[in-house]
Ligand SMILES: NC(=O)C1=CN([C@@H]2O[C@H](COP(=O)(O)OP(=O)(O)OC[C@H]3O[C@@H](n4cnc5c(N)ncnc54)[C@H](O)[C@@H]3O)[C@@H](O)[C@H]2O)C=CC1
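This document starts with one chain, in the form predicted on its own, laid out as structure tokens.
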């Protein structure tokens, strides 16, 4: 059954929440009195559709239904999750909670995107305080997995677990903050860095550009995959964290930072920072900067995914939850037709300078399809570990139409030959009904002990015989066996 989320406040954060839920198959209702809310969320959705699906190596659920509501009560009635992202004014938030709790299901989760207020402040005077919890995201909400979940004693353990489970189901990483504190965990670090950066600019030590370069060329990359303490553990060498703290601990007593002081926000300081920021990146619109940010985030997170580390491990876990049923098994597939062996969105890092899917990624996609067909036939990881596998001897690819980032592609595979040690596959890549490319692969079954061709197991031979019999009436595909065409 499709779940439904209500988004209260459709700004940058609310729009990100809407995209995260919607692209993970939830229906989404939005309430925001801003007459520009629909346009703003539409623009956020465009960026999200281009980037989020490409983080997954399996297809996301079918996109839910997005609707906009003029009345708060209509937006929240009967929904599973309510996400409040209104401006950071406590009186406004409490007023919103009063109105929505009068209309919503008592079993719904009410999450607040607040970056500063404690949950006990939000629960004060509420009709059902046990229903309200802080769920603080990070921008862009549709890409970054971290959500700080901050409850109070009024929230039952069952309620908190329910909230965490629902967040996990849409690809978030819920960080359970077990003791409420102003600004939670992550923003307290950001506040410390922000204070120090303001002093460095005010004192003329560094410009906004130089500060950003210091972060993104150095420790920012380390933090993205190891965080703070693990980075310092490595810095301690073989002796580890104890050695690092013994060596660098005394430096904490030196007057390096000004964390307890904040420079006065004079007009002069504000103008200085704004002017430097304009010089740094004013040549880009905000939407262009968002796309640049998304491109970089997707590339880094997919690199982490290959290592199953940090945010990449969260993505792999979400893929594993989505994978069952995404592609058919031998018994589930209609073997009389080409078998669906790949379904996914084209990631941002699969495109080239023309905005098209780059040539090498067609081979990636068809290689994944070959791997999936091998799995279907019984040549899976366990079989390979036992000493047998198929090696590719030859591949041909035809490029028939353009493919762009975010496109939902599907590969269907016809087996042209599956007898003895030989396996001949023909892959067709589609976007909807549009044929984008074909890939033809010839493989030989080998013994991994001596790297020589040999017959596969009896189980694999039987599986291939089933496919051979079922696909016997299929026509030989156009383009199969062709060499490179001569120029006209």
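Residue numbers count along the first chain shown, from 1. No experiment lies behind these values; they were computed from the predicted model shown.
We do not show the form predicted in complex with the ligand, though everything after this point is about it.
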message = At 4.5 Å between heavy atoms, is residue 114 in contact with the ligand in the predicted bound form?
response = yes
request  = May I ask you to state whether residue 88 is within 4.5 Å of the ligand in the predicted bound form, using heavy atom distances?
outcome  = yes
message = With a cut-off of 4.5 Å between heavy atoms, is residue 34 one of the residues that contacts the ligand in the predicted bound form?
response = yes
inquiry  = Test of understanding: in the predicted bound form, would residue 303 fall inside 4.5 Å of the ligand by heavy atoms?
reply    = no
ask   = Taking the ligand in the predicted bound form as the reference, which of 92, 367, 269, 397 has a non-hydrogen atom within 4.5 Å?
value = 92
key: Contact stretch among 5 to 13, 21 to 29, 473 to 481, 460 to 468 - heavy atom within 4.5 Å of the ligand in the predicted bound form   = 5 to 13
key: 96, 136 and 139 all contacting the ligand in the predicted bound form, non-hydrogen atom within 4.5 Å   = yes
